[in-house]
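Below sits a lone chain in structure tokens, taken as the form predicted alone.
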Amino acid sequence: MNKTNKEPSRKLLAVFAHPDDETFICGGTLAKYASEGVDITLVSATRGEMGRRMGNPVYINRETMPAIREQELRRACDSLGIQQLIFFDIRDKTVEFVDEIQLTNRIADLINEVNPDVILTFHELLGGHPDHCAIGKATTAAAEITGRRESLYFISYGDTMEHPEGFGYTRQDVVKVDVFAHLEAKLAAFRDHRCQTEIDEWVWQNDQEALARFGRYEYFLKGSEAARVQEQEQEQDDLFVATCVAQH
């Protein structure tokens, strides 16, 4: 009998607030790791039912929005290669008001179940939207109580962390992921979120023009003080390598 030794797959858990967070902010990175065989689980705390964009021309309403945004997110997951999707079914724009301990424990249970090598979420102060900050705070606390703080990374907007000094961080605190080879998947996911992107004309231009609007890199802030103090001789460009360095 022939026996093969199969390496355990790497796992990534992304805990976000709304449908489209995964695509608009770090879709290239998720597509990159999915293409490398990483097992990705995505949490959307809400179904985005309070979003103000309803298609262009409008084709949905407040009642139909949750189901439509779920469908669009599932299509985006297919485009990006995300295998597992979980909804917490918290009402949109109320994440900051749910019981923080219960939310933290729910995420901690999921961390223990998934056993991820990398955890992505929002920074609790730099997330921008209150839902983003609240889910980021709870995920950070969950990573702490499960002993996974060194696996934690905060997503960031655009190229803001190309100059992290303005936020009180250094380049050593940032992982810069090259997503150039995966921008087509990111664009497909943008288009999957139709009700949110139809108003943005550039998304629907020809592929070459639309792809030119994306940056080549996506940036992640290390969520662990231990990870940030690691001495690195070169810029880090892989979340999984950075995690291994921090844990050793």
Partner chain sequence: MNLIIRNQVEAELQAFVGEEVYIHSEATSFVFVRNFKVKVTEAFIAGEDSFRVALRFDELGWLRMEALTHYEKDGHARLLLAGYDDKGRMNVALHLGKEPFPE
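The model shown is predicted, which means the values in this text are computed figures rather than measured ones. Numbering follows the first chain given and starts at 1.
If you look for the form predicted in complex with the partner chain, you will not find it shown, but the lines that follow are about it.
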Region of this chain that lies against the partner chain in the predicted bound form, out of 54 to 62, 208 to 216, 27 to 35, 184 to 192 [heavy atom, 4.5 Å]: 54 to 62
Contact at 50, 94 and 199 by the partner chain in the predicted bound form, all three, heavy atom at most 4.5 Å: yes
Within 11 to 33, the residues that have a heavy atom no more than 4.5 Å from the partner chain in the predicted bound form: none
